[in-house]
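The chain below stands alone and is given in structure tokens; this is the form predicted alone.
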Amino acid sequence: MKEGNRGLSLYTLLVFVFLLGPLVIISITSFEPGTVLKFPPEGFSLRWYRNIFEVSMFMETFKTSIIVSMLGNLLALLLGVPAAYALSRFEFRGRDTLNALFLSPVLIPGIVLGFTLLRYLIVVYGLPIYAGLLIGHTVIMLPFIIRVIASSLANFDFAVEEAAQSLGAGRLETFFKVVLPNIRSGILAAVLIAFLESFNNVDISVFMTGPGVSTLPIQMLTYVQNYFDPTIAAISVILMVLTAALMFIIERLMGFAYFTKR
């Protein structure tokens, strides 16, 4: 039994090394003082972290990624909250089909979805690139919004809503004053998860960007085609730290929502 436990522990350790090893190597190489990415680094320098803020293309595309993610998040919330509420609250014909339709962007390969959006939004309907990019990111964020909020609504006792209505509150008033406050942790978690999905997205953005409009992940891909310095490693470290911080916040929010319902 002990030998089996040791073998399982060793196997688990190897899996963690396999998964985390590349991240550790990237983090270490980001401090390379030289002009070429190498491991192990020959010294320690924050030169390439400063370079991120000195290269205008990174700052411009970072702003674009933030704006697109925030606006897309808002649109996804406006569509996703009512959809999640309807799917969780009511029984109606075609509910399963509608639910599958809302979740389909997660199931369809990103390259296929990106090419389809490019084909119809940009080529057929002639939308501006920025508008097409915003719609594309809204589409990929919507399933995460609906899924997380629906999970929060699954723990919500709709008898409370019915009690409020029986006391004279209207349906909209009940929704905004009773339902939404009880699932606010789930909404915040959904917003953060959708934001991460949008900000780090490549497969949709690579089809929906064009002259004058690009996102940070696409700019990073373009940069590594022409330069071999550790700047991209430095950006990757910053993005990993931000992602880990947001995931910690999401975990705390989801845990808070779970324990407040018990």
Partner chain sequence: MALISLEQVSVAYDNRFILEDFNLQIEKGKLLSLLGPSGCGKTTTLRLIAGFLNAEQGKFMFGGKDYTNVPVNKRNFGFVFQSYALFPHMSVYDNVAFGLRLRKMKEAEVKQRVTRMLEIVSLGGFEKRLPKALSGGQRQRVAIARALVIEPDLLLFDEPLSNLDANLRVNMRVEIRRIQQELGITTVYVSHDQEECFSISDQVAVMNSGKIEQLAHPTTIFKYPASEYVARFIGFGNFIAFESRSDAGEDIELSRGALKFLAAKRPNGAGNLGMLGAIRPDDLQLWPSTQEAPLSGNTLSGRVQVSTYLGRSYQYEVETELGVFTVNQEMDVPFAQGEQVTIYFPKDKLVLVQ
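None of these values were measured; they are calculated from a predicted model. Positions refer to the first chain, counted from 1.
Keep in mind that the form predicted in complex with the partner chain is missing from the display, and what follows is about it.
Candidate stretches 99-107, 168-176, 137-145, 70-78, one within 4.5 Å of the partner chain in the model of the complex by heavy atom:
Only one stretch qualifies here: 168-176.
127, 188, 163, 86 - the one with a heavy atom within 4.5 Å of the partner chain in the model of the complex
The residue from 127, 188, 163, 86 that makes the contact is 163.
Does the partner chain get within 4.5 angstroms of any non-hydrogen atom of residue 123 in the model of the complex?
Taking the distances in the model of the complex, the answer for residue 123 is no, it never comes within 4.5 Å of the partner chain.
So, residue 94 and the partner chain: in the model of the complex, are they within 4.5 Å at any heavy atom pair?
Residue 94 lies outside the contact set for the partner chain.
Hey, in the model of the complex, does residue 151 get a heavy atom within 4.5 angstroms of the partner chain?
Contact check for residue 151: no, nothing within 4.5 Å of the partner chain in the model of the complex.
Residue 159 within 4.5 Å of the partner chain in the model of the complex, heavy atoms:
Yes, residue 159 sits close enough to the partner chain in the model of the complex that at least one of its heavy atoms falls within 4.5 Å.
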